[in-house]
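To begin, one chain is listed below as C-alpha coordinates, in the form predicted on its own.
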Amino acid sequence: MTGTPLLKCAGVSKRFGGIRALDGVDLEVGEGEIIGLVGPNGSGKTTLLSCIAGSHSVSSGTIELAGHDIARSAPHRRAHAGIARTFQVPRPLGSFTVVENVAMSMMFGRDRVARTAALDRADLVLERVGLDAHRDRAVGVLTLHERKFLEIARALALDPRLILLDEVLGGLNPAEAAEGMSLIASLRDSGVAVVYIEHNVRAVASLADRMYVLDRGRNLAHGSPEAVLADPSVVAAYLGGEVDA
(Lines give C-alpha, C1' and ligand atoms only; values in the text may rest on other atoms or scores of the structure.)
Protein backbone atom coordinates (compact mmCIF):
# COMPACT_ATOMS: atom_id res chain seq x y z
CA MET A 1 0.00 0.00 0.00
CA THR A 2 1.23 3.49 -0.87
CA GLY A 3 -0.05 6.88 0.27
CA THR A 4 -2.31 7.73 3.20
CA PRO A 5 -4.43 4.76 4.29
CA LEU A 6 -8.21 4.96 4.15
CA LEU A 7 -8.39 3.08 7.47
CA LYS A 8 -5.67 2.96 10.10
CA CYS A 9 -5.94 0.99 13.35
CA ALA A 10 -3.02 1.51 15.72
CA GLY A 11 -2.56 -0.35 18.99
CA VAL A 12 -6.23 -1.32 19.20
CA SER A 13 -7.05 -3.23 22.37
CA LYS A 14 -10.39 -4.48 23.65
CA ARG A 15 -11.06 -6.00 27.05
CA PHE A 16 -14.21 -7.76 28.21
CA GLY A 17 -13.79 -7.78 31.96
CA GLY A 18 -10.58 -9.69 32.59
CA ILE A 19 -10.41 -11.07 29.03
CA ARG A 20 -8.24 -9.22 26.53
CA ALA A 21 -9.82 -9.99 23.14
CA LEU A 22 -7.52 -7.60 21.27
CA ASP A 23 -4.05 -6.65 22.43
CA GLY A 24 -2.47 -3.79 20.49
CA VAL A 25 -3.61 -4.69 16.96
CA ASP A 26 -2.41 -2.66 13.98
CA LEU A 27 -4.14 -2.71 10.58
CA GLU A 28 -4.11 -0.44 7.54
CA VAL A 29 -6.38 -0.45 4.48
CA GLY A 30 -5.81 1.54 1.31
CA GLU A 31 -8.45 2.99 -0.99
CA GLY A 32 -9.97 0.24 -3.14
CA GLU A 33 -7.89 -2.48 -1.48
CA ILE A 34 -9.01 -5.94 -0.33
CA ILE A 35 -7.47 -6.92 2.99
CA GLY A 36 -7.80 -10.51 4.13
CA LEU A 37 -8.11 -10.93 7.90
CA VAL A 38 -7.54 -14.47 9.11
CA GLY A 39 -6.63 -16.35 12.26
CA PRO A 40 -7.65 -19.31 14.41
CA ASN A 41 -11.04 -19.30 16.12
CA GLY A 42 -11.04 -16.83 18.99
CA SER A 43 -8.16 -14.79 17.60
CA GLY A 44 -10.14 -11.52 17.67
CA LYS A 45 -11.12 -11.08 14.01
CA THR A 46 -14.81 -10.31 14.51
CA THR A 47 -14.04 -8.23 17.59
CA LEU A 48 -11.73 -6.06 15.48
CA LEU A 49 -14.46 -5.53 12.87
CA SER A 50 -16.88 -4.60 15.65
CA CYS A 51 -14.40 -2.05 16.99
CA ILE A 52 -13.97 -0.55 13.52
CA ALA A 53 -17.74 -0.41 12.91
CA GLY A 54 -18.42 0.96 16.39
CA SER A 55 -20.56 -1.78 17.89
CA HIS A 56 -17.71 -2.32 20.38
CA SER A 57 -15.79 0.56 21.92
CA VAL A 58 -12.02 0.25 22.05
CA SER A 59 -10.30 -0.04 25.42
CA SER A 60 -7.21 1.68 24.02
CA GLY A 61 -5.65 2.56 20.70
CA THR A 62 -6.77 4.66 17.75
CA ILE A 63 -8.92 4.10 14.68
CA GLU A 64 -8.77 6.64 11.85
CA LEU A 65 -10.85 6.87 8.69
CA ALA A 66 -9.26 9.08 6.04
CA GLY A 67 -7.14 10.70 8.74
CA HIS A 68 -10.03 11.43 11.12
CA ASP A 69 -10.21 9.80 14.54
CA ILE A 70 -13.40 7.73 14.77
CA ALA A 71 -12.52 5.57 17.77
CA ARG A 72 -15.14 7.28 19.95
CA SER A 73 -17.73 7.91 17.23
CA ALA A 74 -21.18 6.29 17.40
CA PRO A 75 -21.87 3.45 14.94
CA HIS A 76 -24.34 5.51 12.87
CA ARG A 77 -21.77 8.29 12.48
CA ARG A 78 -19.25 5.76 11.20
CA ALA A 79 -21.84 4.50 8.73
CA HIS A 80 -22.43 8.07 7.55
CA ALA A 81 -18.66 8.48 7.20
CA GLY A 82 -18.53 5.49 4.86
CA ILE A 83 -18.11 2.26 6.87
CA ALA A 84 -20.52 -0.63 6.29
CA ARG A 85 -20.39 -4.17 7.60
CA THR A 86 -22.02 -7.57 7.29
CA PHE A 87 -22.49 -10.19 10.00
CA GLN A 88 -21.73 -13.91 10.12
CA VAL A 89 -25.44 -14.53 10.70
CA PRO A 90 -27.51 -12.33 8.36
CA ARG A 91 -29.75 -9.83 10.13
CA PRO A 92 -32.44 -8.71 7.66
CA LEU A 93 -35.50 -6.78 8.75
CA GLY A 94 -37.90 -9.70 8.90
CA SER A 95 -41.16 -7.79 8.36
CA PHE A 96 -39.94 -6.16 5.14
CA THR A 97 -39.43 -7.39 1.59
CA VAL A 98 -36.02 -7.75 -0.03
CA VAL A 99 -36.21 -4.38 -1.79
CA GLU A 100 -37.51 -2.67 1.34
CA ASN A 101 -34.55 -4.01 3.33
CA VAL A 102 -32.12 -2.40 0.89
CA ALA A 103 -34.14 0.82 0.67
CA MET A 104 -34.11 1.18 4.46
CA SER A 105 -30.30 1.20 4.41
CA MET A 106 -30.34 3.98 1.84
CA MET A 107 -32.88 6.03 3.77
CA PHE A 108 -30.62 6.08 6.85
CA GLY A 109 -27.24 5.88 5.12
CA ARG A 110 -24.77 8.54 4.01
CA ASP A 111 -27.23 10.42 1.75
CA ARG A 112 -30.51 9.81 3.66
CA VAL A 113 -32.51 9.21 0.50
CA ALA A 114 -36.32 9.65 0.54
CA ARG A 115 -38.38 6.45 0.44
CA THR A 116 -39.48 6.62 -3.22
CA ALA A 117 -35.99 7.36 -4.48
CA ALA A 118 -34.53 4.72 -2.16
CA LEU A 119 -36.80 2.03 -3.59
CA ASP A 120 -35.74 2.97 -7.12
CA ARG A 121 -32.04 2.93 -6.25
CA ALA A 122 -32.44 -0.31 -4.32
CA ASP A 123 -33.31 -2.08 -7.57
CA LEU A 124 -29.88 -1.17 -8.96
CA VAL A 125 -28.15 -2.62 -5.91
CA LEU A 126 -30.22 -5.81 -6.07
CA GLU A 127 -29.32 -6.21 -9.73
CA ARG A 128 -25.65 -5.82 -8.85
CA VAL A 129 -25.77 -8.69 -6.34
CA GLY A 130 -28.07 -10.86 -8.45
CA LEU A 131 -31.20 -10.56 -6.29
CA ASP A 132 -33.32 -8.38 -8.59
CA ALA A 133 -35.67 -11.31 -9.33
CA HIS A 134 -36.41 -11.57 -5.58
CA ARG A 135 -37.13 -7.89 -4.88
CA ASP A 136 -40.71 -8.40 -3.68
CA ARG A 137 -40.19 -11.58 -1.71
CA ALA A 138 -40.35 -11.71 2.07
CA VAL A 139 -36.90 -12.18 3.52
CA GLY A 140 -38.10 -15.12 5.61
CA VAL A 141 -38.34 -17.35 2.54
CA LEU A 142 -34.83 -16.64 1.24
CA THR A 143 -32.16 -19.32 1.15
CA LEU A 144 -28.92 -18.87 3.11
CA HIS A 145 -27.16 -17.93 -0.13
CA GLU A 146 -29.78 -15.25 -0.85
CA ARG A 147 -29.70 -13.90 2.72
CA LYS A 148 -25.91 -13.62 2.58
CA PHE A 149 -26.09 -11.66 -0.66
CA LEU A 150 -28.84 -9.48 0.81
CA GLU A 151 -26.41 -8.64 3.64
CA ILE A 152 -23.94 -7.40 1.05
CA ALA A 153 -26.69 -5.47 -0.77
CA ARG A 154 -27.72 -3.72 2.45
CA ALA A 155 -24.09 -2.78 3.08
CA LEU A 156 -23.68 -1.46 -0.47
CA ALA A 157 -26.86 0.59 -0.08
CA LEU A 158 -25.00 2.76 2.44
CA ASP A 159 -22.69 3.91 -0.39
CA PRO A 160 -19.63 2.90 1.63
CA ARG A 161 -15.96 3.66 1.17
CA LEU A 162 -15.11 0.57 3.25
CA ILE A 163 -17.04 -2.69 3.68
CA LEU A 164 -16.28 -5.12 6.50
CA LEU A 165 -17.25 -8.65 5.43
CA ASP A 166 -17.52 -11.29 8.14
CA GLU A 167 -17.63 -14.81 6.67
CA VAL A 168 -20.11 -13.99 3.91
CA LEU A 169 -19.22 -17.27 2.16
CA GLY A 170 -19.77 -19.48 5.20
CA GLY A 171 -22.23 -22.30 4.57
CA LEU A 172 -22.37 -21.78 0.79
CA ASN A 173 -21.76 -24.52 -1.75
CA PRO A 174 -18.78 -24.18 -4.14
CA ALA A 175 -20.82 -22.58 -6.95
CA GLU A 176 -22.41 -20.05 -4.58
CA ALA A 177 -19.03 -19.30 -2.97
CA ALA A 178 -17.49 -18.69 -6.40
CA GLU A 179 -20.30 -16.25 -7.17
CA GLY A 180 -19.63 -14.53 -3.87
CA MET A 181 -15.92 -14.23 -4.58
CA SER A 182 -16.66 -12.61 -7.95
CA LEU A 183 -18.95 -10.15 -6.20
CA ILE A 184 -16.26 -9.27 -3.64
CA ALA A 185 -13.71 -8.73 -6.41
CA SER A 186 -16.17 -6.37 -8.13
CA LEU A 187 -16.28 -4.20 -5.00
CA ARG A 188 -12.58 -3.46 -5.37
CA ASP A 189 -13.07 -2.76 -9.08
CA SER A 190 -15.63 -0.08 -8.16
CA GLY A 191 -13.21 1.58 -5.72
CA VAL A 192 -14.66 0.26 -2.46
CA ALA A 193 -12.14 -1.01 0.09
CA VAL A 194 -12.82 -4.35 1.78
CA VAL A 195 -11.71 -6.06 4.98
CA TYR A 196 -12.60 -9.68 4.48
CA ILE A 197 -12.81 -12.44 7.12
CA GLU A 198 -13.35 -15.96 5.88
CA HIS A 199 -12.76 -19.42 7.38
CA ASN A 200 -11.09 -20.69 4.21
CA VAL A 201 -7.69 -19.00 4.20
CA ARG A 202 -6.91 -19.92 0.62
CA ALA A 203 -10.18 -18.34 -0.55
CA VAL A 204 -9.11 -15.14 1.21
CA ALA A 205 -5.64 -15.34 -0.32
CA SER A 206 -7.06 -15.65 -3.83
CA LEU A 207 -8.81 -12.27 -3.47
CA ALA A 208 -6.68 -10.25 -1.08
CA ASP A 209 -4.10 -7.64 -2.01
CA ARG A 210 -2.60 -8.07 1.46
CA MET A 211 -3.36 -10.25 4.47
CA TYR A 212 -3.21 -9.82 8.23
CA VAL A 213 -3.12 -12.78 10.60
CA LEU A 214 -4.31 -12.49 14.20
CA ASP A 215 -3.53 -14.95 16.95
CA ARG A 216 -4.76 -14.57 20.53
CA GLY A 217 -5.72 -10.98 19.89
CA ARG A 218 -2.36 -9.90 18.50
CA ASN A 219 -0.82 -9.34 15.09
CA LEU A 220 1.00 -12.49 14.04
CA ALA A 221 1.90 -11.68 10.43
CA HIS A 222 0.97 -9.42 7.55
CA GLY A 223 2.04 -8.94 3.95
CA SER A 224 1.29 -10.39 0.55
CA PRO A 225 -0.82 -13.57 0.51
CA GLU A 226 2.17 -15.55 -0.75
CA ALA A 227 4.44 -14.32 2.04
CA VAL A 228 1.82 -14.84 4.75
CA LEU A 229 0.98 -18.39 3.72
CA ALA A 230 4.68 -19.26 3.68
CA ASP A 231 5.33 -17.77 7.14
CA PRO A 232 6.25 -20.56 9.62
CA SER A 233 4.52 -18.72 12.47
CA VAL A 234 1.25 -18.69 10.50
CA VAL A 235 1.51 -22.41 9.76
CA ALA A 236 2.20 -23.07 13.44
CA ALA A 237 -0.87 -21.04 14.47
CA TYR A 238 -2.97 -23.43 12.42
CA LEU A 239 -1.80 -26.42 14.47
CA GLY A 240 1.19 -27.12 12.27
CA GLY A 241 -0.88 -28.32 9.33
CA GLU A 242 -1.46 -26.88 5.91
CA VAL A 243 -3.19 -23.51 6.07
CA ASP A 244 -6.58 -24.40 4.64
CA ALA A 245 -9.16 -23.54 7.28
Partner chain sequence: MTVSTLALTQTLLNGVFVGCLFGVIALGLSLKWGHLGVADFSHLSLTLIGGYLTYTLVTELLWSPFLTLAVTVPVFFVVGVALQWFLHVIKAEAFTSLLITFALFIVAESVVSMIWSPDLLSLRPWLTDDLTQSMKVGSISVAPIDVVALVVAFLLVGSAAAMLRYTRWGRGVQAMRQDPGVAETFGVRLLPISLVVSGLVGASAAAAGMVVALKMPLSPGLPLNWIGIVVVASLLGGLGRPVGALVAAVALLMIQNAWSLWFPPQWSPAVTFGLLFLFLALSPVVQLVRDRLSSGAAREALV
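Computed from a predicted structure; not experimentally measured. Positions refer to the first chain, counted from 1.
Omitted from view is the form predicted in complex with the partner chain, to which the following refers.
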Pick from 169, 126, 162, 79: which residue has any heavy atom within 4.5 angstroms of the partner chain in the predicted bound form?
79
What is the one choice in 206, 186, 55, 59 with a heavy atom within 4.5 Å of the partner chain in the predicted bound form?
55
Given the partner chain in the predicted bound form, answer whether the residues 16, 20 and 63 all have a heavy atom inside 4.5 Å of it.
no
Residue-level question: is residue 85 within 4.5 Å of the partner chain in the predicted bound form, judged on heavy atoms?
yes
Can residue 154 be called a contact residue for the partner chain in the predicted bound form at 4.5 Å between heavy atoms?
yes
Considering non-hydrogen atoms and a 4.5 Å limit, does the partner chain approach residue 75 in the predicted bound form?
yes
Is there a heavy atom of residue 93 lying 4.5 Å or less from a heavy atom of the partner chain in the predicted bound form?
yes
Those residues of 100-120 which, in the predicted bound form, come within 4.5 Å of the partner chain by heavy atom
100, 104, 105, 107, 108, 109, 112, 113, 114, 115
